[in-house]
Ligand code: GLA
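We begin with a single chain expressed as structure tokens, specifically the form predicted alone.
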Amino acid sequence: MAIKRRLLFLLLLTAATLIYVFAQETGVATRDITGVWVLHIPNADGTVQDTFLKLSQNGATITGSIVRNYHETKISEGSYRNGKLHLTVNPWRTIVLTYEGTLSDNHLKITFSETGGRENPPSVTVSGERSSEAALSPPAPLPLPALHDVPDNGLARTPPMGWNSWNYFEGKVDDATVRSIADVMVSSGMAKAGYAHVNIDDTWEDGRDEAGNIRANRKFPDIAALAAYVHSKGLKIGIYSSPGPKTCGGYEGSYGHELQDAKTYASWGIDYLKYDWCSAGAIYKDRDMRAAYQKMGEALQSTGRPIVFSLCQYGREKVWTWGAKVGGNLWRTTDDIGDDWPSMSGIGFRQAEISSYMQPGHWNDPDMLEIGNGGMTDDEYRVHMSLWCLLAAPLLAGNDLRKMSDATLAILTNRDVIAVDQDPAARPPKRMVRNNETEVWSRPMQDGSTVVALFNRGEKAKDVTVTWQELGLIGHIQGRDLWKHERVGLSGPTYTTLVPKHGVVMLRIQKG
């Protein structure tokens, strides 16, 4: 009997050894990592962002998702071999998040890194513990107001002009940066050209005090003092929030605190609010957008302080048909712009179809300018500026104004082109001709002149022709090239000019 027990023991030991060796050789994990794990990832500004790993294990393969700010992104690559976890996700088109870690005593030790953005922050190592599915759920929806038209606030009679921190600085914006940008906006001549707003985008927020008042994090020790500084330069200051509990960057949103936050902004001296849908999409349906934005529109107006209201919800629910009705002065019509030709041109050339919805005080917003950020040529940046001005779009520079080249400054401060954007008549542009890779646009001005833009979207320089009769321009006319700042000789029924690759020629035509 003892011999049999010894043989059974040896067989079991041998089987266990073989299973262990097989697991090591094949990468099959010996512990199950399936479940929800929470990581408390610190930001450089002293705040902390909770990130949830929702994992499912099948041998060495890990599937599931990463949940941040109630937004779930599928894991693109996941494995758990020899006690080592590897995950990658692509939450945005260029961003890659990587999680590398080990499991010990039911705790994860994870090194988190991010690549592909302008920031590429240093990797951080954090501990994670098991959590519950309930932690992934957003708060219950709060009641929304019955729909009605919010009165016009009388602001932004022409498209707002200024600067926004996100495109270049992302989360690295701070008090000192905003002050220096305000200084350069004045010293560079941008303020004289019409740029007035200095807007802080996401990542300024901390949490709330015991009374529920929003607080700024350590990057912004005194926003009221910062606002006073910007005002002393003859400029205006803007800030950012969301109708959801979290902003896109995972910071404190205005959910359930709309009136309280509006009063805080007013007390600080804020002149502009960008209100980004973000985590509100995990709580409300798209059809609730109008009511959610109306809630903040009314809150802003109740403060008695003139605050420009910028809706950022990416053109969903045909926002151009109701943006003005919630007190909005401008509304995003697209997803985020990128600093490259396909993104910028794809956005800009699609806007003609909805241009009729613009009117004084209420503007279509195809997103901020990328001019000077380095991803496009100067010709492409001139197309960028030309399209946005033809569309009467807000002109919010998104570069580091302190490091501008002469060419970038010249593009941003071209008074002739800016005058098209700021024309008080606010008449919409029209695409007159589309011929393969070339297009001709026109827009009537208040003084009776017509602006004509000849675009080449192709990969080689091309002749582009405009026929005056198609534009209703009959008889003697004269023109001015708005980029070369010189008169153009016009004779005959047509005008043909060589337009560079990804370039534009922009004319202002007068009769007589």
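Counting begins at 1, following the sequence as shown. Note that the coordinates shown come from a computational prediction; the quantities given were computed from them, not determined experimentally.
Just so you know, the form predicted in complex with alpha-D-galactopyranose (GLA) exists too; it's not on screen, but the next bit is about it.
Contact annotation for residue 249: at least one heavy atom lies within 4.5 Å of alpha-D-galactopyranose (GLA) in the predicted bound form. With a 4.5 Å cutoff on heavy atoms, residue 379 does not count as touching alpha-D-galactopyranose (GLA) in the predicted bound form; it lies far away.
In the predicted bound form, alpha-D-galactopyranose (GLA) lies farther than 4.5 Å from every heavy atom of residue 183. Not displayed here, alpha-D-galactopyranose (GLA) is approached by residue 312 to within 4.5 Å at the level of heavy atoms in the predicted bound form. When contacts are defined as a non-hydrogen atom within 4.5 Å, none of 53, 100 and 129 contacts alpha-D-galactopyranose (GLA) in the predicted bound form. 276 is the sole member of 258, 175, 421, 276 with a non-hydrogen atom within 4.5 Å of alpha-D-galactopyranose (GLA) in the predicted bound form. Exactly one listed residue, out of 265, 240, 331, 163, brings a non-hydrogen atom to within 4.5 Å of alpha-D-galactopyranose (GLA) in the predicted bound form: 240. Stretch-level contact check against alpha-D-galactopyranose (GLA) in the predicted bound form with heavy atoms at 4.5 Å: of 401-409, 133-141, 432-440, 241-249, the positive one is 241-249. Residues 201, 202 of 187-203 are found to place at least one heavy atom within 4.5 Å of alpha-D-galactopyranose (GLA) in the predicted bound form.
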